[in-house]
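Next up is one chain by itself, shown in structure tokens, the form predicted on its own.
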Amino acid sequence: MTLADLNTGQSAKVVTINAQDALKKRFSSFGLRKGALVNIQAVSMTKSTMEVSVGATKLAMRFEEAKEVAVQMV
């Protein structure tokens, strides 16, 4: 299951990030790394972007990026 599979209000734990190094570093700078708990705050109507909270940080990401983050439901 990936981050892109979750719906608004669902939470999950990051299992692995399968992105290229630049994107992986960007995610890490926002606290999105293996073991982090994430919550889906909002999903765009066109399912092209989503708002994700990681701790006190909120970030927007494209669904293509979210497909690179494997998660496990909590």
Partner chain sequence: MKTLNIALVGQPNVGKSMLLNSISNSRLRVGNFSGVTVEKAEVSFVFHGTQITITDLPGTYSLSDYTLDERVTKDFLEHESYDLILNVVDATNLERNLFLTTQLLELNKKMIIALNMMDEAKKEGVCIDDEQLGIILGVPCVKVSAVTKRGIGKLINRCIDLANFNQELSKLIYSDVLEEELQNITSFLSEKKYKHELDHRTLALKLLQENKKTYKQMHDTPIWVELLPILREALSHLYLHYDTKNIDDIFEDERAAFAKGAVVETVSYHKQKSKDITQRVDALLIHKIFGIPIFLFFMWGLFQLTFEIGSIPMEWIDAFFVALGVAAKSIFGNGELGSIIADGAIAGVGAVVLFLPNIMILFFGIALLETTGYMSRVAFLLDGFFHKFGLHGKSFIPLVTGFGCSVPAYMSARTLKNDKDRLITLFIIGFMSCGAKLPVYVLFAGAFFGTENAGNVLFIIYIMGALIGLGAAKFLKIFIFKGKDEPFVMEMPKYRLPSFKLIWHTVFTKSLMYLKKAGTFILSASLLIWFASNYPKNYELQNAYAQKIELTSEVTQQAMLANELNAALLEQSFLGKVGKFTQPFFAPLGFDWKMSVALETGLAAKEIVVSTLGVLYALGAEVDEANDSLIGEIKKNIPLASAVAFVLFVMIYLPCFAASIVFAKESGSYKYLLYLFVFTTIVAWLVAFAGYNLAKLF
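Quick caveat, the model's predicted, so the values are computed rather than measured. Residue numbers count along the first chain shown, from 1.
Another form, the form predicted together with its partner chain, is not on view; read the next lines as being about it.
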| query | At the 4.5 Å heavy atom threshold, is residue 15 in contact with its partner chain in the predicted bound form? | reply | no
| message | in the predicted bound form, does residue 11 come within 4.5 Å of its partner chain, counting heavy atoms only? | response | no
| query | Using a 4.5 Å cut-off on heavy atoms, what residues in 47-62 are near its partner chain in the predicted bound form? | reply | 48, 49, 50, 51, 56, 57, 58, 59, 60, 61, 62
